[in-house]
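One chain is shown next in structure tokens, namely the form predicted alone.
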């Protein structure tokens, strides 16, 4: 299977340098911006004109403008010719040639605003740009006085470079409240990012309710304590906080979050780790493991040797889990992890070795490949596609499966050359659990590494070694926020922003128009928007 990139053949036009009432500081940078003379002023009498296919986006706009302005704007299918309007219009198929499914045109004149797109997603992104054209105070959560709600006159044509513009949040290591998950989705949507990769299971916690297997949340969602600081080399010097930690999302919670994301044109890709990172599940149901030993949900970080067995009952258990996951998440892709599966137990397991002999396999890597193929077959039978970390390439990859390349780009290159779709997620540019300064004493404790804003901004998702045809398999890129050392939403925001702003521009804006100096100039204004939203972002100059 190949999903085509959005609008990769479009030619980016330069930003016109004309005078405007207020600097136009849009993040991510649009394809084409032409400032014109004058401004449109939003008032309580402004009408949002939206036909039936644009009404939901119209209501979103009205609701997003209401807190700071105090205006309750009408959303109507038409308005008097004399009215000052914001018009949202879905165009015919011809507009697809210009905008694609997610592009838009925005035209601001002194008498009105027009946003045109081929699909509602494009209108939504046009609305996000419109919000950024208003004063930063528009993002305030309560009424703001003394501000003129003016919008500089401008002509914008815009569309994304990549179809996968994502962020991964690990809620397994540290559970994050439902409302923060929704807030994160809002922030992604503001930056025109459209994939929320939700890491829901790991050694340290199982966060999704599975009706058929209640112990996964009764037992697996809770660990008795958590490691303090970094682990020592031999583990003998490790200290723990002595505090029970956990939580999980009910299926009703998940339905609520999925619907919330859908309204913001964000697709949630759930991740259920296998065959490694399985200790929380094995602690819940010891028969899923290789030793039968009773385990605790893991309290440390790193990579546990406790992985799923290759017994048929374990395969069927995981397919049962995936069956319930499919019922909750409409995403075409389901993430099955596949990374860091330590195979020590398989090497020692008579059952695993017998399975290898039965299947005629020569290595444990091939056994993992067989394991992943079983899941791929199951997902395909239900109209879904499997995606996993680049280790799933080891031992051979099932046709139709996609790869998320995290150990550098080589996995993505190999996969693309073999005809598999790829999402780039290398540690070098997209791991936001890394430090943001070399002076780590001034930063919150992190897992290690160093990833400053300029390095994120400088990332190019398409490796130079790929041919044009191979490059069409690169769907896009995403950032990763692993939460071993991120205990709460406040710190999560600090690690995400403003680096996520930089990545948003990497995956949305034309490569040839990128400039870090220009980005940081626009970002200074953009951070005022995040301040109005009370986002705990890292300052540009701490």
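Numbering follows the first chain given and starts at 1. Only a predicted model underlies this, so the values are computations on that prediction, with no experimental measurement involved.
Absent from the display: the form predicted in complex with a small molecule. The rest refers to it.
> Please pick out the stretch from 281 to 289, 247 to 255, 395 to 403, 428 to 436 that is in contact with the small molecule in the predicted bound form, where contact means heavy atoms within 4.5 Å.
One stretch meets the cut-off, namely 428 to 436.
> Could you confirm whether residue 333 comes within 4.5 Å of the small molecule in the predicted bound form, counting heavy atoms only?
Answer no; every heavy atom of residue 333 is more than 4.5 Å from the small molecule in the predicted bound form.
> Does at least one non-hydrogen atom of residue 40 fall within 4.5 angstroms of the small molecule in the predicted bound form?
Residue 40: no, not in contact with the small molecule in the predicted bound form.
> Can you tell me whether residue 508 touches the small molecule? I mean in the predicted bound form, with a 4.5 angstroms heavy atom cut-off.
Outside the cut-off, so no.
> So in the predicted bound form, does any heavy atom of residue 119 sit within 4.5 Å of the small molecule?
No, residue 119 is distant from the partner.
> Indicate whether the candidate residues 102, 159 and 264 are all in contact with the small molecule in the predicted bound form, with contact defined as any heavy atom within 4.5 Å.
Checked in the predicted bound form: no contact with the small molecule for any of the three.
> Can you work out which of 389, 346, 371, 139 has a heavy atom no more than 4.5 Å from the small molecule in the predicted bound form?
Checked against the cut-off, the match is 389.
> Here the chain is shown alone; which of 83, 447, 418, 455 has a heavy atom within 4.5 Å of the small molecule in the predicted bound form?
Of 83, 447, 418, 455, the residue with a heavy atom within 4.5 Å of the small molecule in the predicted bound form is 447.
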